[in-house]
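One chain comes next, on its own, written out as structure tokens in the form predicted alone.
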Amino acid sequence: MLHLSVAVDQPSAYDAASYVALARLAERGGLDFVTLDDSFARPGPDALAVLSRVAPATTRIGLVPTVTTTHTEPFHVQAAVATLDWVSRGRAGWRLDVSTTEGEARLFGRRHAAVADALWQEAGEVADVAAKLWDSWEDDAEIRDVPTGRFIDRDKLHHVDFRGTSFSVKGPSIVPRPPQGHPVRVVDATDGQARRTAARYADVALVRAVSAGQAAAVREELRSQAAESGRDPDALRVLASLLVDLCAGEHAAEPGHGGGGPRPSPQGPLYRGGPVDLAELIATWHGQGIVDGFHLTPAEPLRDLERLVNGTVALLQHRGLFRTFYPGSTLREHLGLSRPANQYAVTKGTS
């Protein structure tokens, strides 16, 4: 199954309507999910809050905000992501990221900046404790028994008692278990410890690669590391992450660019060409088993997303390579991922 997703970032856009419009356009194309980036290093709207506004204005597409794990409280992060899953009825994801600069650290004043590898190790701990907190309510813990006045079955609430390298959490959560059990976790797995964290905890790994060979090698490494950590490698989706500039023509328009594949750029791998060429690239990489799909960042948000949906996606659908409707209602269903069992319910009696 081919998976397609797209970033809906818009520099200096603060109005909800423009984000709703892009998400609806992506949903019309049947894409798996949209992402919205965020960091403490730039001014802009809060990604999770924006996509919470987009949620009731859409019905099927997955919503994946970036939420950093550095300087933020893991308990609050998991509760916010769980809430997005509730208000979107099972369409939430969470793109984990870290904050590496001293300037970001000074905004909070709790500690100095740390090296990226240490922060990504901490991000893995945050992902781990978030899953435990999502499981701290069993699915049927909320009983709302009016005759007895009991709202919760306390036997189905669990303390997580997690102690990491820089934080500890006792729990349970204040939000009932999300509709998906665990909202989908997304990690940019291009470099270093982030790749190891993705292999162990992510449902979707994004890989910035400028060649099919590079993307295939990273995918194989991720799958191998996932297996070493006790996971089923087939439960990890690896998407090639590209910046796309679809220009104005149907085929590669820039003289000398060569077409047919991404090229290095300061912003990451850049694909420049027409919708037809992009469809060919997607079909080739996916058909050869190089990646499970693509995460595309339009250079010009509205123009390129329209050309992506009406050109590239339409062509892939015409060739039977991409779905024409959503087979389910949750993001996990779009990605072909099962709903995780509750780790406390499974071990009930020993937890």
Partner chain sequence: MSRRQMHLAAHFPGVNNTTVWADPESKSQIEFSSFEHLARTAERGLFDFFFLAEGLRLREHKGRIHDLDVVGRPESITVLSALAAVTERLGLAATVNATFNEPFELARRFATLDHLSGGRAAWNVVTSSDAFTGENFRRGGYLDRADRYTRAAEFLDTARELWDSWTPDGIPRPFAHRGRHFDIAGEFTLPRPPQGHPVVIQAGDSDEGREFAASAADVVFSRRSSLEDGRAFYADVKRRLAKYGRAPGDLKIMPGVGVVLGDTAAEAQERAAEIRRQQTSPQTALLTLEQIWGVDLSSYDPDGPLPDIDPVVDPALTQGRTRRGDTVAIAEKWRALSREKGLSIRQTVIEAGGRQFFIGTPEAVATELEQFVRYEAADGFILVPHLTPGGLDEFVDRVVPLLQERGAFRTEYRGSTLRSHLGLPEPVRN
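Numbering follows the first chain given and starts at 1. The structure displayed is predicted, hence computed values, not measured ones.
Absent from the display: the form predicted together with its partner chain. The rest refers to it.
Residue-level contacts in the predicted complex: of 203, 277, 97, 122, one residue has a heavy atom within 4.5 Å of its partner chain, and it is 122. Of the listed positions (290, 309, 316, 50), a single one reaches within 4.5 angstroms of its partner chain by any non-hydrogen atom in the predicted complex, namely 50. No residue in the set 217, 224 and 261 has a non-hydrogen atom no more than 4.5 Å from its partner chain in the predicted complex. Using a 4.5 angstroms threshold between heavy atoms, residue 115 stays clear of its partner chain in the predicted complex. Contact check for residue 265: every heavy atom lies farther than 4.5 Å from its partner chain in the predicted complex. Its partner chain in the predicted complex comes within 4.5 Å of no heavy atom belonging to residue 28. None of the heavy atoms of residue 300 is located within 4.5 Å of its partner chain in the predicted complex. Stretch 104 to 112 is the answer when you ask which of 187 to 195, 104 to 112, 266 to 274, 236 to 244 has residues with heavy atoms within 4.5 Å of its partner chain in the predicted complex. If you take 163 to 199 and check each residue for a heavy atom within 4.5 Å of its partner chain in the predicted complex, you get 166, 167, 168, 169, 170, 171, 172, 173, 174, 175, 176, in sequence order.
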